[in-house]
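Here you get one chain, nothing else, as structure tokens; it is the form predicted on its own.
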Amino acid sequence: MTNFEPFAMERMMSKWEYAVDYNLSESGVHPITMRELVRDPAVIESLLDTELNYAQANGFADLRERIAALYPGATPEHVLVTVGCIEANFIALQTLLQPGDEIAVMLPNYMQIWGQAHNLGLQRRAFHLRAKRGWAPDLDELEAVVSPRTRLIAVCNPNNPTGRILTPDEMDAIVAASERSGAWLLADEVYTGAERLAEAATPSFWGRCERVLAMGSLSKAYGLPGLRLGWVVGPVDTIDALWARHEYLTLSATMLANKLATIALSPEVRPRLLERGRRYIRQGYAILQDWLEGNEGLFELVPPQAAAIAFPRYHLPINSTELVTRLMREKSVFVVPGDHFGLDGYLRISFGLPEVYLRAGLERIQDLLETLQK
């Protein structure tokens, strides 16, 4: 048994996100209300008549059909509905890997897989996105760390925390590395649909090789984190194996989550949710950009191409966790320290928020920054 490695970011978020006045730590767009999501009175009445029973363990058939429609060539049998993407990632590692297996992880990243790999006794290797290259992946490093011993390559695209979207050539290089080594490719794609600059959704890794798992969620672009509804798309036999682990862990997502997710991914509602999310992202980024530029010389930022988060580097002689702790205690504002991604000197700041809330939070950060510069 390895020593347990806590999930540092989620530990801090669990303790602080509801204890501050301004939470700028979340990575999705501002959550939607039930009133905004469900507008048809007949649908509302149907929901009120719902029996609060167990849902179908692998997800409603209609829901899996709508998820499959997002992935060319997929069928409902290629889909497992999970309790958030976080469960999909967890059971994927449990299903596909054994203690001692080697895993290659894109860093920075949502650090669940990195930490859980340690907790499962896996051997971790990293290949990095490089800030000096606009957060492009270091493909030479990828080539060096992926070997015949590699059993899984984990990527996040669009990326958390940088908002970087891989180019087609970069995707091809990652696929080639997985095929050369015979490794599984786990693609966390929860920010698909949250593009800041493009109207088209970020292409999936699904269909680019046989041994691929594409992970998705309603938490980020759709503004539905409270549903705790995610999924994994993969080969049918692998999905069945993941389903067996899912039965040990959560059994099913809730009945209401399945029903509301089916509504959210309907042809009538899904475009409206994505348009709403991109509006928050584009308006919020303009506010954050003006604020960063107003602090001339203090911040450097590679503009995010997607997601509701920015990852600026700051130029102050203070550790990022110490800075965030002071923000929480002195100004009641919460952002994520770069330490949680292995990159001190950075902050992850959410901007997919209502304008008044975002501006007020940034003003309080400004107060502390001015104190630190005196």
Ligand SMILES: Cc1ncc(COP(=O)(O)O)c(C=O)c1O
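This structure is a prediction, so every number in the text was calculated from the model and none was measured. Note that residue numbering begins at 1 and tracks the sequence as displayed.
Form predicted in complex with the ligand: not shown, discussed below.
Screening 236 to 244, 195 to 203, 286 to 294, 82 to 90 for residues having heavy atoms within 4.5 Å of the ligand in the model of the complex returns a single hit, 82 to 90. Interface residue among Trp184, Tyr280, Tyr110, Phe127 relative to the ligand in the model of the complex, by the heavy atom within 4.5 Å criterion: Tyr110. Between the options Leu260, Ala214, Cys156, Ile153, the residue in contact with the ligand in the model of the complex by a heavy atom within 4.5 angstroms is Cys156.
Proximity of Ser27 to the ligand in the model of the complex: non-hydrogen atoms within 4.5 Å are present.
Contact annotation for Tyr191: at least one heavy atom lies within 4.5 Å of the ligand in the model of the complex. None of the heavy atoms of His78 is located within 4.5 Å of the ligand in the model of the complex.
Proximity of Asn160 to the ligand in the model of the complex: non-hydrogen atoms within 4.5 Å are present. Residues of 202 to 223 placing a heavy atom within 4.5 Å of the ligand in the model of the complex, in sequence order: Ser217, Ser219, Lys220.
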